[in-house]
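One chain comes next, on its own, written as structure tokens: the form predicted on its own.
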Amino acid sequence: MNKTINGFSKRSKSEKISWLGENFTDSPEAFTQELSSWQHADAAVQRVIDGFTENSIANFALPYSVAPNFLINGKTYAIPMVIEESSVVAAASSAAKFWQERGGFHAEVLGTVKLGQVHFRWQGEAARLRQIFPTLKPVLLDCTGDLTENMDKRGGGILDIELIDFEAVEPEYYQLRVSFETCDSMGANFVNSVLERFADTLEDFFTNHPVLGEEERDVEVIMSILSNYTPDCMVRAWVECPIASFSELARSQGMDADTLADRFAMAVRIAEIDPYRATTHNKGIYNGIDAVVMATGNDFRAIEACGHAYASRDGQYRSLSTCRASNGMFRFELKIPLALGTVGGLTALHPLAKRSLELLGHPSAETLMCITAAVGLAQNFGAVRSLITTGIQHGHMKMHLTNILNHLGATEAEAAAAQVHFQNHPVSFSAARAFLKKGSAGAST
């Protein structure tokens, strides 16, 4: 059977669904019915959602949750989080409550610079290019006045243009590295528009420069694009308290406060020196960060790519968080690049993204950076605390029990009984199956 199609994007949504069901599914009728049901009740809202991407045929549901009691820089927040993984929101909420009683989370923005690049080849001498760059730079800045006018009025715009020479690793390859301030905007369209104007101007400059030789006029622009690596768009979040305030938690685990703090710091230190552990450690941080980034309509893929590059900045992949437990004080800190926006993109288009920003008090981009970093640190704290005490599966499997019961087809009554039973018993798939089987056998006698 020929399963290729021409003009798929031009077909109606119902036609797309029908064609997919007939050609790629086991039950076309069930597929069509299922996909057709995942539409927004408001047709106007659905049209907006469909406009986010190409070939939309339905909406994919993820839980929209809230983690309350986050005290960040003296203000209490209820944090919207979009994530499907069991226990993440519970762990964040638990960590928020723990630190609320110990001064809360602190965060500060260290920089908001975003970057873009124009990549080009030039056959002349590198020294000659460096010589004429001071003449080129003001020409580039001048050519984008119409594009930067509104951003300039808001206090943003182009900050600097650098000439980067890569000839040592790739002959004739150079780069314009441009730094931007985009204020509360994500800025992707702004940055890319400026860079493409730079590319056109660069070609005109070399073609028409009066003192360049014929062989020096040949410049080839390879591409112009923003960079998602933004090491100068940085935020720091931290918590700190006397080690003695861990006493109650430590006693519940059969240890003293100093031992617990030392074990915690050692667990973080392991993630600093071992890439295998660091990968999982940082994934836990992004469990929290991604959930907030998605809830606010930001780009979680760009955020993660940047963070993982930053974690490898010295040539080895390392933990994004650090911990110190000494002289009677405990300090846990996260330093991470977060290029976020609260204006433009999906922040204004996605109905729940708008509600998320409303829940957070209509924050500026810098405030959202602080909030998001604090949630990442909270998630990291919750995960490491579990690892050095009860183990990660204890809490995770408790939260996962509902999914197991749904998978096994438990009734409401069976699920309620199972929740009570597993408060005092280890959770596993086989244990849940055995519990349901035993209950079913008892009911039939």
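Fair warning: this is a prediction, and the values are worked out from it, not measured in the lab. Residue positions are given as counts along the sequence shown, with the first one as 1.
Although it is not shown, the form predicted in complex with a small molecule is what the next lines describe.
Look at 112 to 120, 242 to 250, 190 to 198, 277 to 285: in the predicted bound form, residues with non-hydrogen atoms within 4.5 angstroms of the small molecule sit in 277 to 285. Of the residues 358, 85, 125, 204, just one reaches the small molecule in the predicted bound form with a heavy atom at 4.5 Å or closer; this is 85. Checking 67, 418, 410, 383 against the small molecule in the predicted bound form, a heavy atom within 4.5 Å turns up for just one residue: 383. Mapping the unseen interface onto this chain, residue 388 falls outside it, with no heavy atom inside 4.5 Å of the small molecule in the predicted bound form.
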